[in-house]
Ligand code: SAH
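Take a look at this single chain, the form predicted alone, given in C-alpha coordinates.
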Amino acid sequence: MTEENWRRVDDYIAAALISEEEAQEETLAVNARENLPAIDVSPPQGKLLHLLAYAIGARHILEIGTLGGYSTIWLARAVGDGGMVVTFEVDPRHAEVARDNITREGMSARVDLRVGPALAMLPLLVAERPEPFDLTFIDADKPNNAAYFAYALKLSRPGALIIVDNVVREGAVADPSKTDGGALGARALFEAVAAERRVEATAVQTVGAKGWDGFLIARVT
(Lines give C-alpha, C1' and ligand atoms only; values in the text may rest on other atoms or scores of the structure.)
Protein backbone atom coordinates (compact mmCIF):
# COMPACT_ATOMS: atom_id res chain seq x y z
CA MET A 1 0.00 0.00 0.00
CA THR A 2 1.27 3.47 -0.88
CA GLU A 3 0.39 6.98 0.17
CA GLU A 4 -1.50 7.30 -3.11
CA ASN A 5 -3.76 4.43 -2.03
CA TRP A 6 -4.27 6.00 1.39
CA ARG A 7 -5.22 9.31 -0.19
CA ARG A 8 -7.68 7.63 -2.55
CA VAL A 9 -9.45 5.97 0.38
CA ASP A 10 -9.58 9.27 2.27
CA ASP A 11 -11.16 10.86 -0.81
CA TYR A 12 -13.68 8.02 -0.98
CA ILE A 13 -14.58 8.40 2.71
CA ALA A 14 -15.01 12.15 2.33
CA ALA A 15 -17.18 11.79 -0.78
CA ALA A 16 -19.37 9.16 0.88
CA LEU A 17 -19.76 10.57 4.38
CA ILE A 18 -19.06 14.32 4.34
CA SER A 19 -21.67 16.54 2.73
CA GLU A 20 -20.74 19.36 0.36
CA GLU A 21 -21.95 21.86 2.95
CA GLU A 22 -19.68 20.34 5.63
CA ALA A 23 -16.61 19.92 3.45
CA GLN A 24 -15.21 23.48 3.66
CA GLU A 25 -13.66 23.24 0.21
CA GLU A 26 -13.40 27.03 0.07
CA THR A 27 -11.47 27.13 3.35
CA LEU A 28 -8.92 24.64 2.06
CA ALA A 29 -8.71 26.48 -1.28
CA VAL A 30 -8.08 29.81 0.48
CA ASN A 31 -5.40 28.26 2.70
CA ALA A 32 -3.63 26.86 -0.36
CA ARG A 33 -3.95 30.13 -2.27
CA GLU A 34 -2.45 32.02 0.67
CA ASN A 35 0.45 29.54 0.78
CA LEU A 36 -0.26 28.35 4.30
CA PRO A 37 1.51 25.08 5.17
CA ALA A 38 -0.56 22.12 3.91
CA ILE A 39 -0.89 20.66 7.41
CA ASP A 40 -4.62 21.03 8.06
CA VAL A 41 -6.30 17.90 9.37
CA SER A 42 -7.88 15.87 6.58
CA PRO A 43 -11.66 16.11 6.00
CA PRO A 44 -12.32 12.72 7.67
CA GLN A 45 -10.22 13.80 10.64
CA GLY A 46 -12.06 17.11 10.82
CA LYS A 47 -15.37 15.26 10.84
CA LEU A 48 -14.03 12.99 13.60
CA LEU A 49 -13.18 16.00 15.77
CA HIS A 50 -16.66 17.37 15.13
CA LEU A 51 -18.34 14.08 16.07
CA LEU A 52 -16.27 13.64 19.24
CA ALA A 53 -17.07 17.18 20.37
CA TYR A 54 -20.74 16.72 19.53
CA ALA A 55 -20.92 13.31 21.23
CA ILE A 56 -19.75 14.66 24.60
CA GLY A 57 -21.90 17.77 24.30
CA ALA A 58 -18.87 20.06 24.23
CA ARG A 59 -19.78 23.73 24.63
CA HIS A 60 -16.36 25.11 25.59
CA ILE A 61 -13.38 24.00 23.49
CA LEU A 62 -9.71 24.93 23.57
CA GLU A 63 -7.62 24.63 20.42
CA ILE A 64 -3.86 25.14 20.31
CA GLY A 65 -2.83 25.74 16.71
CA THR A 66 -5.40 27.49 14.49
CA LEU A 67 -3.50 27.67 11.18
CA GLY A 68 -6.17 28.70 8.62
CA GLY A 69 -9.12 27.79 10.81
CA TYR A 70 -10.15 24.52 9.13
CA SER A 71 -10.27 22.39 12.29
CA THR A 72 -11.52 25.42 14.23
CA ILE A 73 -14.61 25.61 12.04
CA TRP A 74 -15.34 21.89 12.46
CA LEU A 75 -15.17 22.35 16.24
CA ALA A 76 -17.19 25.58 16.22
CA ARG A 77 -20.00 23.85 14.37
CA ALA A 78 -20.12 21.25 17.15
CA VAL A 79 -20.46 23.66 20.09
CA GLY A 80 -23.66 25.22 18.76
CA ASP A 81 -25.09 28.67 19.44
CA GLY A 82 -23.75 30.04 22.70
CA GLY A 83 -20.75 27.71 22.64
CA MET A 84 -17.18 28.93 22.26
CA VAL A 85 -13.88 27.74 20.79
CA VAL A 86 -10.83 29.54 22.22
CA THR A 87 -8.02 29.04 19.72
CA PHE A 88 -4.37 30.15 19.71
CA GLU A 89 -2.31 30.93 16.59
CA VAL A 90 1.28 32.14 16.74
CA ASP A 91 1.49 33.53 13.19
CA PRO A 92 -0.42 36.81 12.63
CA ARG A 93 -0.79 36.17 8.91
CA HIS A 94 -2.21 32.70 9.46
CA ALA A 95 -4.57 34.21 12.01
CA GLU A 96 -5.76 36.80 9.49
CA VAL A 97 -6.56 34.06 6.97
CA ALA A 98 -8.31 32.06 9.69
CA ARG A 99 -10.48 35.03 10.71
CA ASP A 100 -11.64 35.46 7.14
CA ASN A 101 -12.44 31.75 6.81
CA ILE A 102 -14.26 31.67 10.14
CA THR A 103 -16.30 34.72 9.20
CA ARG A 104 -17.21 33.33 5.79
CA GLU A 105 -18.44 30.11 7.42
CA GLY A 106 -20.60 32.10 9.86
CA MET A 107 -18.70 30.97 12.95
CA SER A 108 -17.31 34.30 14.24
CA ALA A 109 -19.63 34.40 17.24
CA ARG A 110 -18.39 30.99 18.34
CA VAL A 111 -14.63 31.57 18.02
CA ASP A 112 -12.25 33.55 20.24
CA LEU A 113 -9.04 33.68 18.18
CA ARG A 114 -5.98 34.83 20.11
CA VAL A 115 -2.69 35.63 18.37
CA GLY A 116 0.68 34.93 19.94
CA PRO A 117 2.85 32.10 21.31
CA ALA A 118 0.58 29.67 23.11
CA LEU A 119 3.04 29.04 25.95
CA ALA A 120 3.08 32.77 26.67
CA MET A 121 -0.69 33.12 26.42
CA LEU A 122 -1.89 30.00 28.22
CA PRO A 123 -0.85 31.36 31.66
CA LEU A 124 -2.98 34.43 30.90
CA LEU A 125 -5.91 32.16 30.07
CA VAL A 126 -5.42 30.29 33.34
CA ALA A 127 -5.42 33.63 35.19
CA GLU A 128 -8.80 34.46 33.64
CA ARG A 129 -10.25 31.42 35.46
CA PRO A 130 -12.46 30.51 32.49
CA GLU A 131 -15.22 27.94 32.53
CA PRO A 132 -13.47 24.55 32.36
CA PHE A 133 -13.04 23.19 28.85
CA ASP A 134 -14.93 20.13 27.62
CA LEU A 135 -12.42 19.29 24.90
CA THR A 136 -8.94 20.43 23.90
CA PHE A 137 -7.39 19.86 20.48
CA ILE A 138 -3.60 20.29 20.33
CA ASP A 139 -2.08 20.67 16.87
CA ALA A 140 0.80 23.11 17.17
CA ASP A 141 4.62 22.97 17.39
CA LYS A 142 5.38 19.39 18.36
CA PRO A 143 8.34 19.87 20.74
CA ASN A 144 6.01 21.63 23.20
CA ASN A 145 3.21 19.03 23.18
CA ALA A 146 3.87 17.88 26.75
CA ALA A 147 3.69 21.47 28.01
CA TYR A 148 0.49 22.09 26.06
CA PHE A 149 -0.99 18.91 27.50
CA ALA A 150 -0.19 20.07 31.05
CA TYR A 151 -2.05 23.34 30.47
CA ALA A 152 -4.97 21.54 28.84
CA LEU A 153 -5.28 19.28 31.87
CA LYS A 154 -5.22 22.28 34.21
CA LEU A 155 -8.03 23.92 32.21
CA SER A 156 -10.26 20.85 31.71
CA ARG A 157 -13.27 19.58 33.58
CA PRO A 158 -13.53 15.96 34.76
CA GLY A 159 -14.72 13.90 31.82
CA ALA A 160 -13.16 16.26 29.25
CA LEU A 161 -11.22 14.97 26.25
CA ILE A 162 -7.72 16.09 25.26
CA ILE A 163 -6.72 15.18 21.70
CA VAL A 164 -3.16 15.62 20.41
CA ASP A 165 -2.45 15.29 16.69
CA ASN A 166 0.69 14.05 14.90
CA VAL A 167 2.06 11.80 17.64
CA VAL A 168 3.23 8.85 15.49
CA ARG A 169 5.22 10.79 12.89
CA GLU A 170 5.83 7.91 10.45
CA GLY A 171 6.89 5.69 13.34
CA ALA A 172 9.48 8.11 14.72
CA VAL A 173 7.83 8.04 18.15
CA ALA A 174 8.98 4.42 18.63
CA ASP A 175 12.36 4.75 16.90
CA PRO A 176 15.13 5.79 19.34
CA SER A 177 17.38 6.75 16.43
CA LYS A 178 15.02 9.60 15.54
CA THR A 179 16.06 12.64 17.56
CA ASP A 180 14.41 15.54 15.76
CA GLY A 181 12.20 17.91 17.75
CA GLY A 182 8.97 16.30 16.60
CA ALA A 183 10.04 12.78 17.60
CA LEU A 184 11.41 13.92 20.95
CA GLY A 185 8.27 15.96 21.57
CA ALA A 186 6.05 12.97 20.80
CA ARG A 187 7.95 10.72 23.20
CA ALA A 188 7.92 13.41 25.90
CA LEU A 189 4.15 13.65 25.50
CA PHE A 190 3.67 9.88 25.88
CA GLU A 191 5.90 9.84 28.95
CA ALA A 192 3.98 12.72 30.53
CA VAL A 193 0.59 11.14 29.83
CA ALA A 194 1.73 7.73 31.07
CA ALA A 195 2.84 9.27 34.36
CA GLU A 196 -0.32 11.33 34.83
CA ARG A 197 -2.83 9.69 37.18
CA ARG A 198 -5.61 12.15 36.33
CA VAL A 199 -6.16 10.82 32.82
CA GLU A 200 -6.78 7.58 30.97
CA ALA A 201 -5.49 7.55 27.42
CA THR A 202 -4.71 5.70 24.24
CA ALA A 203 -3.27 6.53 20.83
CA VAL A 204 -4.31 5.44 17.36
CA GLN A 205 -2.14 5.16 14.25
CA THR A 206 -3.65 6.59 11.07
CA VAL A 207 -2.87 6.49 7.37
CA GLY A 208 -4.45 8.70 4.75
CA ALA A 209 -4.01 11.95 2.88
CA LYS A 210 -1.68 13.13 5.65
CA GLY A 211 0.54 10.06 5.41
CA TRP A 212 1.38 7.74 8.34
CA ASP A 213 0.72 9.42 11.64
CA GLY A 214 -1.73 9.21 14.53
CA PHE A 215 -3.33 10.96 17.46
CA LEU A 216 -3.45 10.59 21.23
CA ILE A 217 -6.74 10.92 23.05
CA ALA A 218 -7.00 11.27 26.83
CA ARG A 219 -10.02 11.48 29.11
CA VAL A 220 -9.68 13.53 32.27
CA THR A 221 -10.84 11.41 35.20
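Fair warning: this is a prediction, and the values are worked out from it, not measured in the lab. One rule holds for the numbers: they count along the sequence shown, beginning at 1.
Below, we refer to the form predicted in complex with the named molecule, which is not included among the displayed structures.
In the model of the complex, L67 approaches the named molecule with a heavy atom inside 4.5 Å. Although the partner is absent here, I102 lies well away from the named molecule in the model of the complex, with no heavy atom inside 4.5 Å. Proximity of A58 to the named molecule in the model of the complex falls outside the 4.5 Å heavy atom cutoff. Among residues of the shown chain, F137 is one whose heavy atoms approach the named molecule to within 4.5 Å in the model of the complex. Looking at the named molecule in the model of the complex, residues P130, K154 and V199 place no heavy atom within 4.5 Å of it. None of 38-46, 155-163, 183-191, 170-178 except one has non-hydrogen atoms within 4.5 angstroms of the named molecule in the model of the complex; the exception is 38-46. Shown without its partner, this chain lists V90, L113, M84, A146 as candidates; in the model of the complex, only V90 has a non-hydrogen atom within 4.5 angstroms of the named molecule.
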